[in-house]
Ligand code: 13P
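Here we start with a single chain on its own, the form predicted on its own, put down as structure tokens.
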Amino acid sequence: MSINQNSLSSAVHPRKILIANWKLHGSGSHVERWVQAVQTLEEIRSGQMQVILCPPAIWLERARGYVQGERLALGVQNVSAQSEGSFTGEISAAMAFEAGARYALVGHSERRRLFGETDQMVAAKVEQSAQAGLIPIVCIGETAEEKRAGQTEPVLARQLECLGALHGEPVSTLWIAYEPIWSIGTGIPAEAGNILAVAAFIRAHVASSDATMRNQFRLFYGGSVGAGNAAALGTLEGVDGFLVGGASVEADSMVALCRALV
């Protein structure tokens, strides 16, 4: 991996970033209401935070028609590991970019668990995303069993090391989202100390490959983030923002989350 000097970091840009992952939710009318409610928030218009909306891919172009300005950006929830070919149902990174996406979630725990994505497939999707002009947001995390066995760091290291085996041009900008699988959907986020320790480990591990990289990429936490705990989580040093699932789907809860964070 290679991170350029123009990449965003919390040391340079203090605002938080919220990544709204709708998963398999939403409709065309829902997209319009959500975008209009969120992008008019003063917290976003003033630059205190940025929101990246990741709706189902079929709604990307519609969402693009409603977005104004750069503080609300669009991402895609998944891309193909292939650029083109006989792969029915797949969407390439280049297609997502043309539809309006500028970010791509890669390797989300649900993709790994439900669809069998391997670390090698994740690395291929990172490469495809970067080549298409998307910023890949790579999701990594451990299961409850791995946590109990004390395997958090080895698991995260394995997932990170695979990203170093990209075959094409170096990835100039790569973001990482730590999502402990044991926390997702439980309503109970990881404890602050745990998040801080993991964040430090990830930054150190990335920096061990390139000493200039420690503060040259964005690092996110995802796992039961909502308006009720956003204020406390938002104070965590070294965490640039949050990957939000269920709490991001409805406009009202997303607005409350944005306001609680700042």
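All residue numbers are counted from 1 along the displayed sequence. Since the structure is predicted, the reported quantities are computational estimates derived from the model, not experimental observations.
Omitted here: the form predicted together with this ligand. The next part is about that form.
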Practice task
Answer with one of 110, 117, 142, 127: the residue that has a non-hydrogen atom within 4.5 Å of this ligand in the model of the complex.
Solution key: 110
Handout entry: Output flag, 23, 179 and 243 jointly within 4.5 Å of this ligand in the model of the complex, heavy atom basis
Key = yes
Exercise for the section: Heavy atoms, 4.5 Å, this ligand in the model of the complex: which of 155 to 163, 183 to 191, 130 to 138, 87 to 95 makes the cut? Say which one. Expected result: 183 to 191
Handout entry: Any non-hydrogen atom of residue 223 within 4.5 angstroms of this ligand in the model of the complex
Key = yes
